[in-house]
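Consider the single chain below, provided in structure tokens and representing the form predicted on its own.
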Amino acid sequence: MSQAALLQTDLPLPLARRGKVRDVYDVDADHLLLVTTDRISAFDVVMSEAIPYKGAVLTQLTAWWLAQLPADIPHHLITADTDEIIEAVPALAPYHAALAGRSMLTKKAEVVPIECVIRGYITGSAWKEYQTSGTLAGEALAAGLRESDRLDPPIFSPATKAETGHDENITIGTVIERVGADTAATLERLARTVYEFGRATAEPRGIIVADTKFEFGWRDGTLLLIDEVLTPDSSRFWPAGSYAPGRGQPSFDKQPLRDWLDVQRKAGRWNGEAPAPTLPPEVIRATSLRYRDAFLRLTGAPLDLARLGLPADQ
């Protein structure tokens, strides 16, 4: 029986890592299996409940974007088709239900330890720093910007993981020190190209891609685009119809969850730390629908549950 909601997998392959959302397995020396669960985090806390279909949305949307991208953007995806994955890795046959719609067989790459963030609008941590000092990662920005203002051209704003696990904005100079000038330039060029393509694709569909992050990895001397691409988890999606600079914007993915948690926090029912309070069914469903709505708007078609082998929504 296929699963609409999955918190964790346990497959007969070596577990390479288990992130906030993805379980990553070593298939062999050249291949990885990425399984996107339905785990969800907000305010840096992973919820105890799964969001139905979320993993399938992230996986299938990534696969959709990679199929749309120009041919000169190399990437790691081999297939996101569950039957093709099991054909390639027969030991996974008994786990079809857990893999359905949410798994990707990929080329293994040596990850570049840089988060390639592109900011098309000033918001989030960039806005907080700008309010304080007029800078981003210590470098001056134009004066007079308002919260959520569009940035033209977009800013390449690399980040790295701090020891606490939070992303930490760094300068391009720091990137050059860590990976070299040629690699830094290639990372920026690829990230800008993919972001501009994504922004131009999303805008007429009613979604603003305010910012996004990409990851890249080396394989055979080539930088590959890896991990997820232009999803509601890796990007800040705003509804274009309600966009207005000078204030924060509602997000397109976790807003029902964030709003509910914010109410719990203000009412003194949650201190903002793990564990989070138990999510009510209506918040889980509203968040699931929000993810699927983003998929529909971007791709022009609903998530095809039957084709993916997922159960129909109840």
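Numbering starts at 1 and runs along the sequence shown. Note that the coordinates shown come from a computational prediction; the quantities given were computed from them, not determined experimentally.
Separately, the form predicted together with a small molecule exists; it is not shown, and the next lines address it.
Interface membership of K107, defined by any non-hydrogen atom within 4.5 Å of the small molecule in the predicted complex, is confirmed. In the predicted complex, at least one heavy atom of K20 sits within 4.5 Å of the small molecule. Using a 4.5 angstroms limit between non-hydrogen atoms, C116 is distant from the small molecule in the predicted complex. The shortest heavy atom separation between D211 and the small molecule in the predicted complex exceeds 4.5 Å.
Contact annotation for the candidate site: E49, L257 and A276 all lie away from the small molecule in the predicted complex (no heavy atom within 4.5 Å).
Heavy atoms within 4.5 Å of the small molecule in the predicted complex belong, among the stretches 187 to 195, 227 to 235, 121 to 129, 240 to 248, to residues of 227 to 235. Taking a 4.5 Å heavy atom cutoff to the small molecule in the predicted complex, the contact residue among L61, A42, L32, I284 is L32.
In summary, among the residues L305, L296, L11, V24, the only one with a non-hydrogen atom within 4.5 Å of the small molecule in the predicted complex is V24.
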